[in-house]
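Before any questions on binding or motion, here is one chain by itself as structure tokens, the form predicted alone.
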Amino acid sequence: MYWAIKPFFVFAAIAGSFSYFIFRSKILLNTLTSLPTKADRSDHIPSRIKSVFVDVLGQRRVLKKKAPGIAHTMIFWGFIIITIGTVEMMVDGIFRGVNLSLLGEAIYGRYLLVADIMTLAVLSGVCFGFFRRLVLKPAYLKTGVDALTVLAFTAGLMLALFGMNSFRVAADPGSTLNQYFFVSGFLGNIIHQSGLSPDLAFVGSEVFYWLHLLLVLGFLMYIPRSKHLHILAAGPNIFFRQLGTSKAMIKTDLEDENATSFGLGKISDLSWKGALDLYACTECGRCQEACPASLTGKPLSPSNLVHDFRTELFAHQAAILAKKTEELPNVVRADSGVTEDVIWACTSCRACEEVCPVHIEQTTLIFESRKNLVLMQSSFPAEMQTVFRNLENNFTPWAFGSDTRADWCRDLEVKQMADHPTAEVLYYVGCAGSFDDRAKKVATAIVKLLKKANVDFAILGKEEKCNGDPARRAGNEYLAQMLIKENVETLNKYKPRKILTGCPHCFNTLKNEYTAFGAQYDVVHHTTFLSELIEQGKLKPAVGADKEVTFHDSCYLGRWNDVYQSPRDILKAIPELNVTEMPRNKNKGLCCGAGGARMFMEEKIGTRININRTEEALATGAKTIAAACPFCSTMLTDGVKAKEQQANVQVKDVAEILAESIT
């Protein structure tokens, strides 16, 4: 009689839970497909499949944090293995005898052994999760009801599974399958030796069977509206991730006559990939831990940003699905978690994206939000008004006339492309190298090194304009595109074989963003080019003035373009020079605070990012802080002055250090 009734209840429970799960999932999927496309991620399918294997199955990024990574990996793989048994349990509940035992006792037994061990592994991982949230309490990790509920669900599932299998062993102590239960067998023998009858042990097994089944189905219903939505979204999000390190901002079609808005104003302006990013977030807090703005008391937390965008998306799903988005509020507003202070605090260093286990692209949310604030609402930090005006009138962020752009090299006998259009290398000097007194010295060092190596090069001189990075990162897409198009016209006139830059921001923009505007050239940063000249024997460093050096990684050279080694190779090539790394270096390096157009904005909230980084550099004991970016050099020099160490410590570009060592 019992087995006649049981299948009905099992089927009803499974059908009900799955129906709700499919219903909620369908709403989420429909929301994705109702949003603008904007992002095409259908290229390089083999590489994308590899990403899934490496970052989902291999948990590569998760394991970058050792203890939490191991705990999560145990839970992840434990769930995969245990789910096989859970599905088997459901099927067997409806169709008695249809289970893995049909494969033979040897195979079935080995599965039971592995599943029992993995149940213990999952429970151990969950215990660590509770300990981390309730005892260790790292500042970046959220410990809300949702996180604790998920941990409680998981713990309950594992304990119910142990209970079911332990009483199963006690109910049939003579079964040959009992030898495969590593933990449950031990517990089952204790129950059996306590004198509990087989009939009562069977009842206990059934009680835990139903408890496990109901917890599974309850968890299934809970997932679509919890942080564990990432169980469904993380794999697809990793598959559709931005491949490689280099990344360009989205090019907005400003001539689209059908466009009613530009950038990300309302939540309905999200692309499907942007929404998938929100679904995929695990709320692990690693992005917040790495964010320089968050570390220095700014209101920006990349984790909170994604959470607040997702909350907004869930709140307005019905309007999005009904195509009634006209009355939706702006995402960035004073009464939401995403305020203007949050959006403008970002330095665009991409530390958040570097550490994210599921490859969320937080900077896209910020850049597109800034774009809407500037173009549609004319809302931006007051100091950017002067920068925008200078860029429009002088083609540089500063109030220098464009006709003086080549004055820095007046006495260096530098050729210009107008007079030497067949030059092998176009040295794109950039605004800092052309106008900033400190950066001019770096540009001069680069010129002297190029001449020493007999490189055939020329500059654009008056024809060069700002690459557009400050305007674009500050949301002024219209002004940025104007500058880009004028530069593209000039570049395409000369068609240089190679473009050399002295600034990572010029390097990144020319290399990664000009291609969308019809200018695809071989672009190289000066540290890479100079390193190659040393390797080719065209530059031969001797003993220089600097002995103890620490190197600061530029975000736009490193995390935006994966260039870490070439500046270090230059320093290592100089005899008697010792390089001491800062604790946070290479892809873990801390931003100087100047990226994302923050170079031109006041830092009014919290402590200064450049001071934080300077303190770390000074702690190495090095007498020289080496950089490879004019913005970084400025920020670190200001930091050294603020710490009153200018008499003891210098900030130099790698090119300057190399030039001083060349005989």
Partner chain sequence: MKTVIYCEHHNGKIKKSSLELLSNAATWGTEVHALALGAPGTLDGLAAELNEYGPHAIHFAEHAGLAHYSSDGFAKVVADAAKSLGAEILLASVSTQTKDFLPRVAVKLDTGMASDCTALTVAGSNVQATRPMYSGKCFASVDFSKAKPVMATIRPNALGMKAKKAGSATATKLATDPGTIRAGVKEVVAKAGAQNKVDLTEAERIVSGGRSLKSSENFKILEDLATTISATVGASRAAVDAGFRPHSDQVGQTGKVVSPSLYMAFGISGAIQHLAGMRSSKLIVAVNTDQNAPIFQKADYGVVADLFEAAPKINEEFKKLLQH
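Keep in mind the model is a prediction, meaning the values are calculated, not measured. Residue numbers count along the first chain shown, from 1.
Only in words, not in the display: the form predicted together with the partner chain, which the text now covers.
In summary, the region of this chain contacting the partner chain in the predicted bound form, judged by heavy atoms within 4.5 Å and restricted to 213-221, 382-390, 74-82, 231-239, corresponds to 382-390. Residue contact with the partner chain in the predicted bound form: residue 608 places a heavy atom within 4.5 Å of it. For residue 602, a non-hydrogen atom is located within 4.5 Å of the partner chain in the predicted bound form, even though that partner is not displayed. In the predicted bound form, at least one heavy atom of residue 436 sits within 4.5 Å of a heavy atom of the partner chain. The shortest heavy atom separation between residue 102 and the partner chain in the predicted bound form exceeds 4.5 Å.
Contact with the partner chain in the predicted bound form, judged by any heavy atom within 4.5 Å, is made by just one of 111, 400, 314, 130: 400. Along 625-660, these residues reach a heavy atom to within 4.5 Å of the partner chain in the predicted bound form: 634, 638, 641, 642.
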